[in-house]
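Take a look at this single chain, the form predicted on its own, given in structure tokens.
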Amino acid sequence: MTAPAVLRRSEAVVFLVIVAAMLAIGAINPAFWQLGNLFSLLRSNVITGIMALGVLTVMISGGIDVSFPAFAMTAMYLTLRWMLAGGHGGVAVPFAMATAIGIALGALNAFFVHSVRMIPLIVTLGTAALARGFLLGVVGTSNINIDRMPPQLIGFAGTELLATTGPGGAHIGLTAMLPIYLGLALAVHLLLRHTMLGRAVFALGGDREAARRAGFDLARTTYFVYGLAGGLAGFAGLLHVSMIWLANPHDLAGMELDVIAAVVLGGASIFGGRGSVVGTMLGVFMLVMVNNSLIIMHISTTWQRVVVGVIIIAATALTALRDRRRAG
């Protein structure tokens, strides 16, 4: 493959932009290259990246999902309250429970999108409001602090691949949650690219009527993509609070902006039918890197949101322009 052909791929362009940005940021602020900051950067990719995998699948199918942060917090909080009420230990069952709750909520989205034929954005806005309203109005609003957090979850999320000592004796560790993220990414990649279900997802996003005539089960595909997004959100929600040692039912509000920005930045089409796991992971890394760099350069949170908004608009505009050129 020639160099110009490589550069036509969104993943290659994003990768080159990341390399250039890292060099520029490192030149402006050498603290960027400190091992502790790089490990922190990789750690910050985990939760956003896991959620982005589900959103990618929905967007490839031609849909949109803004309910996943609410689903993540609902699944997390219900699971933790169950663990505390019953004194349940272990890790596998709680994560399975959080994932199952997310899948059930995602299936609710699929029902309205496929069976009622409602607009995905309206559906997911509504179910997000329902989930947060139920969580805050019925279950409770109190935080679960580290002194009440199940120690099994803290121990699991605190596992490190390697650890060292930084300047001044500070502990520096690379989280073992990173391989979990990479494993999930590989699984989604293989499913999308090497299974009939994956082909159905792309076909649904490319042309719904053509997909139906080709014999793809549109109902199963719709339930799969929204169920996957919900399940990954539930899993990521519990992993998130395990990593930060605090469960706040108000947490993750507004995260949909970052995740959708990362997916679009990674080359997924807002019109469906196009996207890749590799591109999404690169998009997540770039967005997290930008936010990380703004923090170490002491730029306020307000301006960080402005930057994310600019990235969304620019990436969406470029995607739309690319699609028009290919259609022409």
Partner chain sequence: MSGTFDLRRLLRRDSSVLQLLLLTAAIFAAMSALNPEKFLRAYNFQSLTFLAPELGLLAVAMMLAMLTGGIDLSVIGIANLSGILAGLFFHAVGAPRGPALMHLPLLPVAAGIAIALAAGALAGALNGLLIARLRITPILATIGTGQVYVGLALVLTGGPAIVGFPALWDAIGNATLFGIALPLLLFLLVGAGVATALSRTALGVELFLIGTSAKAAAFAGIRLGRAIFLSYVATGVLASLAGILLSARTNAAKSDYGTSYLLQAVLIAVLGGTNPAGGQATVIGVAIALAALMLLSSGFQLMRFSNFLVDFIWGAFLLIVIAINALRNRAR
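This one's a predicted model, so the numbers in the text were calculated from it and none came from an experiment. Residue numbers count along the first chain shown, from 1. Rigid core (definition): largest C-alpha set, two forms, superposition within 1.5 Å.
The form predicted in complex with the partner chain is left out here; the points below concern that form.
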Of Ile146, Leu121, Ala163, Ala92, the one that lies within 4.5 Å of the partner chain in the predicted complex (heavy atoms): Leu121
Single option in Ala219, Ala187, Val116, Ala85 placed near the partner chain in the predicted complex, where near means a heavy atom within 4.5 Å: Val116
Partner-proximal stretch of 149-157, 166-174, 73-81, 254-262 relative to the partner chain in the predicted complex, 4.5 angstroms, heavy atom: 254-262
Joint contact, Phe112, Val308 and Ala317 to the partner chain in the predicted complex, by non-hydrogen atom at 4.5 Å: yes
Touches the partner chain in the predicted complex: Ala100 (any heavy atom, 4.5 Å): no
The partner chain contact in the predicted complex: Trp33, any heavy atom under 4.5 Å: no
Ile64: touches the partner chain in the predicted complex, heavy atom cutoff 4.5 angstroms: yes
Residue contact check: Met243 to the partner chain in the predicted complex, 4.5 Å heavy atom: no
Sequence-ordered residues of 113-143 touching the partner chain in the predicted complex, heavy atom within 4.5 Å: Ser115, Val116, Met118, Ile119, Leu121, Ile122, Val123, Leu125, Gly126, Thr127, Ala129, Leu130, Gly133, Phe134, Leu136, Gly137, Val138, Thr141
Displaced residue check between the shown form and the other one: Ile299, CA, 2 Å or over, core reference: yes
